[in-house]
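Starting off, we have a lone chain in the form predicted on its own, written out as structure tokens.
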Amino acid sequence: MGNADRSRSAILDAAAALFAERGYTATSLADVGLKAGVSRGTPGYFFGSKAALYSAVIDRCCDEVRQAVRSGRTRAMESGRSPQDILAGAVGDYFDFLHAHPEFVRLIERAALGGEELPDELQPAVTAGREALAAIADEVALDPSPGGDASQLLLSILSLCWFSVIHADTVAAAVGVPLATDPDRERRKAHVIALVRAGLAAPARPAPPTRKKASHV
């Protein structure tokens, strides 16, 4: 890796940490340069603007998510395992990615819940979700339509994996589920994967019909 690539990577690392900690509005390009150990003007030289840098941070995070999900799926496919095992491999690697990159979770959560006014083009959209949805629908033959079983399963997977990162020190600790050590996280990951497997094995129950109120004439 050349000096330019190292500088660019250091800037992205510093920006991800600062945007996650302080938010978009409170972070300046000069702050990023200082944290990255480069000159104050270097982030602007590489990325042009704070908006472009933020967009690059989000894009890199999404690319890393895609790679995490793909790697688990690829290993399982090469082993000749069942579709359920393939999905479990992807879920496990996604879980590991989130715990190794908590700044990614904080970035998305801050943008969603922090009340910051971001330019429309910078609203984080985890485009890897579409790829994951297609893979789930293909591997386990679930309905891929909007709101279908594949969408529901993907949302459940995202929720189970994200919650462990967001509430490791709050809700999880309060109910006696420690997540501070690698063995703790491995136990939680195994439980998440078991829930996903159980959900695949259980047929989805249709919603009960809506009862119409009797009309009084």
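The structure displayed is predicted, hence computed values, not measured ones. In case it trips you up, residue 1 is the first one in the sequence shown, and so on.
Not on display, but discussed next: the form predicted together with the DNA.
- In the predicted bound form, at least one heavy atom of residue 39 sits within 4.5 Å of the DNA.
- At the 4.5 Å threshold, heavy atoms of residue 181 stay clear of the DNA in the predicted bound form, well away from it.
- Within this chain, residue 49 lines the site of the DNA in the predicted bound form, having a heavy atom no more than 4.5 Å away.
- Interface residue remark: residue 192 is not counted as part of the site for the DNA in the predicted bound form, having no heavy atom within 4.5 Å.
- Checked against the DNA in the predicted bound form, the candidates 29, 58, 68, 161 yield a single residue with a heavy atom inside 4.5 Å, and that residue is 29.
- Of the candidate stretches 172 to 180, 148 to 156, 60 to 68, 40 to 48, only 40 to 48 has residues with heavy atoms within 4.5 Å of the DNA in the predicted bound form.
- Relative to what is shown, residue 172 and residue 22 are closer in the predicted bound form; their C-alpha atoms differ in spacing by at least 3 Å.
- Annotation for the pair residue 9/residue 97: C-alpha atoms recede from each other in the predicted bound form, by 3 Å or more compared with this form.
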